[in-house]
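What follows is a single chain, given as structure tokens, in the form predicted alone.
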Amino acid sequence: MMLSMLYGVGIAFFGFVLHTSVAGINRKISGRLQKRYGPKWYQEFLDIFKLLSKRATSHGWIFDFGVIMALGGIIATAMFIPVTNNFLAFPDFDNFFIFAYLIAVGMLGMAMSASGSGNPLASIGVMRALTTMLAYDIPYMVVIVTIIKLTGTSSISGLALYQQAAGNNWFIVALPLGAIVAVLALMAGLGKKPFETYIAPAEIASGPLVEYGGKQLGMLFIMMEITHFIEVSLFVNLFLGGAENIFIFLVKYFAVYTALSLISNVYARFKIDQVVLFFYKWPLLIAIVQGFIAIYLGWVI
């Protein structure tokens, strides 16, 4: 058990390093596309380490404890991620619903901390974040339940192995309508435009993060990097067949995140009511149609 715990912490650290590097490279790519030089690919590491070296202002124990709860909850979630078929710390505990519950601990910790700051902009950002999560989680869960019903397993590694089996396609091909819903939900989870409603720097001054600085802000940046690693890794395992080795995983991970970043660069931000109406209209309808087609009609590519 102790070895598995250390292995799990190693996966969380790997996720932080991987996503921070990929995000830095994407900032460089975006800069070049916009005729800018762009920051160094490792600039995000420098920003985080600089913040961790600074003092932070406290707004009470709830404000401080929420940051620890947020980071701890996300690290605990990342420990269960199957990176490749053999690169997972807890082989029997990579159930999708474990991720659904654990990742909520980190999100609620951040919400509790931000609300404890007393800044109305932070409270608005928290409400927007929770509203957005509720909007995209429902159609996304319909798609995931469809996949679980078809395969008979909710294990992330089991679903990846199912897609790797001879005669089976990746679910991005087998369930194309559901894959579209999953891509939209992933964009919202990553805070990519047009779903960047809870940060909205020009509107609510970064929302939940408005009162943070120093070590606390650095810890939340680490939390967000690991959160994005979890979300992209789940998509790779659920819809792109997982990975037999680390090289394939890195290629798929980079391709997914880069594609979403490029799409985000050409969109403006929705208003919060537009986000909710959008997800409860088209993605939810598409997810239900995909479930009906796949489960009741048996039409799977």
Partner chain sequence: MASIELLLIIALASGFLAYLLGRVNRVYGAIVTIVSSMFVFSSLAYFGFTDSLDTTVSILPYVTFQVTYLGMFFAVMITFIYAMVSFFNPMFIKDYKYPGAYSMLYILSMAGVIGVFFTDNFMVMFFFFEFIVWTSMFLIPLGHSRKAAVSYYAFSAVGSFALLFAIFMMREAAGSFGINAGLAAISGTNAIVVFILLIVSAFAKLGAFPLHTWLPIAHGNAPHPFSPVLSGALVKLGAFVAVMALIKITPNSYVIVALDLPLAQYLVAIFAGLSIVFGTLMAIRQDDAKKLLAYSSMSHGGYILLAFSLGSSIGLSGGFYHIVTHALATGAAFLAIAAVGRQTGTTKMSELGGVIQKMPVTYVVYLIAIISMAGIPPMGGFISKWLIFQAVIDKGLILLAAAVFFGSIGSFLYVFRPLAALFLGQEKPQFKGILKEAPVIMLIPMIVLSGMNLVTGIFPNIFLQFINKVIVELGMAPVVLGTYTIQGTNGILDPLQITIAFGIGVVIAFIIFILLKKSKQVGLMDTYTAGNFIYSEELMHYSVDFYAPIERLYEKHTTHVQDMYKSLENKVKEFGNVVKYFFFTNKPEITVFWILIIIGALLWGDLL
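Numbering follows the first chain given and starts at 1. Because the structure is predicted, anything quoted here is derived from the model rather than measured.
Below, we turn to the form predicted together with the partner chain, even though it does not appear here.
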| item | value |
| --- | --- |
| Full three-residue contact with the partner chain in the model of the complex, heavy atom 4.5 Å, for Q164, L238 and N245 | no |
| The partner chain contact in the model of the complex: L277, any heavy atom under 4.5 Å | yes |
| The partner chain contact at V83 in the model of the complex, heavy atom, 4.5 Å | no |
| H59, heavy atom within 4.5 angstroms of the partner chain in the model of the complex | yes |
| Exercise: L262 in contact with the partner chain in the model of the complex, heavy atom 4.5 Å | no |
| Answer option from L177, V183, V173, L102, heavy atom within 4.5 Å of the partner chain in the model of the complex | L102 |
| In the model of the complex, the one of M223, A188, A160, M79 near the partner chain [non-hydrogen atom within 4.5 angstroms] | M79 |
| Heavy atom within 4.5 Å of the partner chain in the model of the complex - qualifying residues of 121-136 | L121, S123, I124, V126, M127, L130, T131, M133, L134 |
